[in-house]
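This document contains two forms of one protein chain, each encoded as structure tokens and listed individually as structure 1 and structure 2.
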Structure 1
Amino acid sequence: MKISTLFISCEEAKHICDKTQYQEATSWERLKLGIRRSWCRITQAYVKKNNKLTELVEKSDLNCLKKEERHNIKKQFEEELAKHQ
């Protein structure tokens, strides 16, 4: 195994961090991210912010509109817009 396969760029580390957030990263990718994170302050800060964002989104308990409700609102908006044109 070459050493260069263990060292990744900052951009690749950010991509792997995002994949980790959605449980899509492989264990090999997580290992490479961990190595990069151990010495790169930029990656450390990105991972910290990403983890905080994930935590806030999970705690927020968002209630989104259903597809039907969005369609009705869009229809009403278009009707009002047509009246004013």
Structure 2
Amino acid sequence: MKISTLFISCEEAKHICDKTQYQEATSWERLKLGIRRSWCRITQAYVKKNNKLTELVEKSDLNCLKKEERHNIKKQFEEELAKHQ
């Protein structure tokens, strides 16, 4: 294994960090992110900010409509709207 494969760019580190928020990064990717994070301040700041955002979203119990739910509301509303226009 080439040692250079362990070193990634800042952009790639940010991409892996995003995937980590959704548990979609592999162990290998997380290792590479960890190495980059150990010395790169930009990556450190990005990881911190990104983790904080995930924490806030989880804490907020945020909800939104599913596509079909919004579609049903929209359909009903548009029928009524048509009567007003």
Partner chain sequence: MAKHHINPNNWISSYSDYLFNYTISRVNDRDMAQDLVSETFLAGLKSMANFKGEASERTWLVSILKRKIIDYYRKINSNKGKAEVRMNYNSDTETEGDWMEERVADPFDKTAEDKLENSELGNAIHNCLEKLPKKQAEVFKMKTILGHDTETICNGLDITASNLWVIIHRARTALADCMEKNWF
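Residue numbering: sequential along structure 1, first residue numbered 1. All values derive from a computational prediction rather than experimental measurement. Superpose the two forms; the largest set of C-alphas matching within 1.5 Å is the rigid core.
Between structures 1 and 2, only structure 2 derives from the form predicted together with the partner chain. Comparing the forms between the two structures, the C-alpha position of E24 differs by less than 2 angstroms, with the core used for superposition. I73: CA moves 2 Å or more between the two structures after rigid-core fitting.
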